[in-house]
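Taking the form predicted alone, here's one chain by itself in structure tokens.
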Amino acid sequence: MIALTLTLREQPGYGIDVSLLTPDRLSGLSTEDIGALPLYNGNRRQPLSSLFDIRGNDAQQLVILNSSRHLHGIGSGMTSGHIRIEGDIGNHLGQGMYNGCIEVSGNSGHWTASGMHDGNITVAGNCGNFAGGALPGDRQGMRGGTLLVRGDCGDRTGDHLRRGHILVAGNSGAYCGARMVAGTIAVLGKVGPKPGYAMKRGTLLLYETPVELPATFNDCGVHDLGFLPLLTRSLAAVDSCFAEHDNGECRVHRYAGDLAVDGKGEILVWI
């Protein structure tokens, strides 16, 4: 069996909905059937074979080569398999994903892992806004699984996070962890203004002191929390760089809130 490989012939100048490109949807289809699948740009439809060269037959190992930021929705709702993307990818990567693994060698767009239930997504570059966050009008972002971003994230990372882990090796923008219900967000770099805004529960683990916290967070002082080294060591299982920053210390500055919504969440700043 050879991995099913789709090579984009040229970079499109417009957005294309490729949400049907998941291992579970492509399994059992012949090369001709895959090539005939419809891709949409607004109300315009074109066959997949008009954009991609197709080779291989193992749809559980899907490879996208010469990828583009104009390809949106890859991995949406996937339930099994592995997707490897060489290059950048557009919005809604892994949206509503139930299981499986997605790896991106470049950057991803907005709403990466939005509504994800389980599985693992790794982005080697940067993510746009609302990574792991909720879609407009939705009140639940990620519901489980792990999103690892080795670069930076935009604004509102983990907005309405319900469950799961978001690990950011770089910086995150404004309102990181806003309206969180549960789950964990860890950021190695800097965060923008108002992290944890309107969060109800959950944990924001930061390695640098925020420039501007919401006024409705209570300063609880410095604490020794013995579970933190265990947490960072467990993150090594997802091949993250967080375990490298484990120095055996477990002292953090704890802030509780958001008290404006009677929140029981916490922001922990590692000392």
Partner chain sequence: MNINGVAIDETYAEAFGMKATRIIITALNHRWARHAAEAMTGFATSVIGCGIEAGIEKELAADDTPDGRPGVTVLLFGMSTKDLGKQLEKRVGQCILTSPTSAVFAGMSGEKTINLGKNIRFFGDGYQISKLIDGRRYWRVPVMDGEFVAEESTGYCSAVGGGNFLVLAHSQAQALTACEAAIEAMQDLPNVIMPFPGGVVRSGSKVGSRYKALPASTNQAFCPTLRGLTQTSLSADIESVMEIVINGLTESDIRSAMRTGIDAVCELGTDSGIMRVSAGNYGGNLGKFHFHLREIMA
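Predicted model, so just to flag it, every value in this text is computed and none were measured. Numbering follows the first chain given and starts at 1.
As for the form predicted together with its partner chain, it is not shown, yet the points below apply to it.
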{"query": "Joint contact, Gly202, Phe227 and Arg233 to its partner chain in the predicted bound form, by non-hydrogen atom at 4.5 Å", "finding": "yes"}
{"query": "4.5 angstroms heavy atom contact with its partner chain in the predicted bound form for Thr184", "finding": "yes"}
{"query": "Any non-hydrogen atom of Arg254 within 4.5 angstroms of its partner chain in the predicted bound form", "finding": "yes"}
{"query": "Interface membership of Arg156, its partner chain in the predicted bound form, 4.5 Å heavy atom rule", "finding": "no"}
{"query": "Contact test in the predicted bound form: Arg163 vs its partner chain, heavy atoms, 4.5 Å", "finding": "yes"}
{"query": "Partner-proximal stretch of 128-136, 148-156, 69-77, 163-171 relative to its partner chain in the predicted bound form, 4.5 angstroms, heavy atom", "finding": "163-171"}
{"query": "Partner contacts in the predicted bound form for 252-271 (non-hydrogen atom within 4.5 angstroms of its partner chain)", "finding": "Arg254, Lys264, Glu266"}
